[in-house]
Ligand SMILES: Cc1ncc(COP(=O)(O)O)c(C=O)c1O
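For reference, the chain that follows is the form predicted alone, supplied as structure tokens.
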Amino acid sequence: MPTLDRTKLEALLQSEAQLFHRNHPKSYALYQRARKSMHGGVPMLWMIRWAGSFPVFVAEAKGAHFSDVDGNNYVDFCLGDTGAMTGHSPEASVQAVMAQMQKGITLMLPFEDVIAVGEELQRRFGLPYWQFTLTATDANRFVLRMARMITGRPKVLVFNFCYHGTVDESFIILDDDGQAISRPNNMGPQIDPTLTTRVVEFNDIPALEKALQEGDVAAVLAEPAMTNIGIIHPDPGYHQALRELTRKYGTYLIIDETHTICTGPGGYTAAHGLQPDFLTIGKPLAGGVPAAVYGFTDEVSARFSAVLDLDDADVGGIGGTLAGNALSIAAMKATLENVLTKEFYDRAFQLQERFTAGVESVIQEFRLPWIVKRLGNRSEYWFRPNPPKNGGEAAAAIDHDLDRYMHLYALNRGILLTPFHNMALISPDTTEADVDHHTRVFRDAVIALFE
């Protein structure tokens, strides 16, 4: 089993960074220009964390590929971190957007297509009532407000190192002593999250029950499988226990499918027969156009209606002028009907199996203490011999330098992986040649590192 030479890794990182700089002079020039009008030279702060010392500026994207302003072409396994899981600019979504733009973009009024989308969401996810917004963050914020309003309880429960966008309550982790603390670099929290939130490890049933026993938790907010700290699958029977315990203690269960929609047309919920009180999802629903939804049960609907004051509904903290806008709805209808289909998932799953097998073949060839984990059309490789069981174990396994090396090596050879962890998504436009190209590049990166 080879040993990682940290000195060699540092030298390779420097070499790859120099190669990146040489191959992206126009992106670098645009980055310098951007720094004069945008903080950090990027439209969103986290973009400064890409593997290069500056971001690639995209010229055009279509399907599973894109080109940059320097003329470099890439296979895109990031796909907007699920936002473009449908492939860039799927034809059905593009045509629907173009047609709707001629008829009105935002109206603050419903139109018939919104009913078709609601009915399709009912069919896929099994919940009867739906509402619309623009991001999954807002969807999660809104259902947390609903749960607190209905139950009269102040607390929320999340899992250690979870990810639910920028929901304030979710920026909480367990320290080395198992105590809840605000997540490091939690930027200007409105309130200390330890006052609003309980946090336990995923897959820890006794800790979950202990946290719910006090009777002050309005809702558990959970991904059905963790994804943003890496793919962490639930243990057998965990979801049954989660559902039973939330019902036992009068706590609502919110399932956030924003990333786990990779598991099938109805997400993990439909694939595994989950029974949430609320379901939230965003990102790929409208083919890349901003759109998100939240659904809930008959019981939630009745209890919410009983305490809702319609005269103040517009200033109650739930809603948004652009939520449910005509353009997003048109794109969502077309994407659900024509893109996120069973055929899409069947093809994507087959390609993801090929991707996983390719990476595993290299790991076995070089006897590396690494593994690959897969969830639907999403997979990633870990630099540890055993799969982590929870967020704490996953966070402890992060190797930032090795992550950056693998990303930068791939980027310099025409492959974009999802940033901050070694994750790949498959779109309907990805080809076997794209997957095999990644296997070759991954193998070359390993050879450079260990031989």
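Just count from 1 along the sequence shown to find any residue number. All figures in this text were calculated on a predicted structure; none of them were measured in a lab.
Below, we turn to the form predicted in complex with this ligand, even though it does not appear here.
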Query raised in the report: Looking in the model of the complex, any heavy atom of Asp81 within 4.5 Å of this ligand?
Result: yes
Query - Proximity of Tyr163 to this ligand in the model of the complex, heavy atoms at 4.5 Å - result: yes
Report task. Using a 4.5 Å heavy atom cut-off, state whether Thr135 contacts this ligand in the model of the complex. Result -> yes
**Report entry** Any non-hydrogen atom of Asn228 within 4.5 angstroms of this ligand in the model of the complex
**Finding:** yes
Query raised in the report: Does every residue of Arg141, Asp168 and Thr197 put a non-hydrogen atom within 4.5 angstroms of this ligand in the model of the complex?
Result: no
Query raised in the report: What stretch, of 169-177, 303-311, 220-228, 104-112, brings heavy atoms to within 4.5 Å of this ligand in the model of the complex?
Result: 220-228
Requested in this report: Counting non-hydrogen atoms within 4.5 angstroms of this ligand in the model of the complex, say which of Arg124, His239, Lys283, Lys333 makes the cut.
Outcome: Lys283
Query raised in the report: Exactly one of Thr86, Thr258, Ser328, Asn377 has a non-hydrogen atom within 4.5 Å of this ligand in the model of the complex; which residue is it?
Result: Thr258
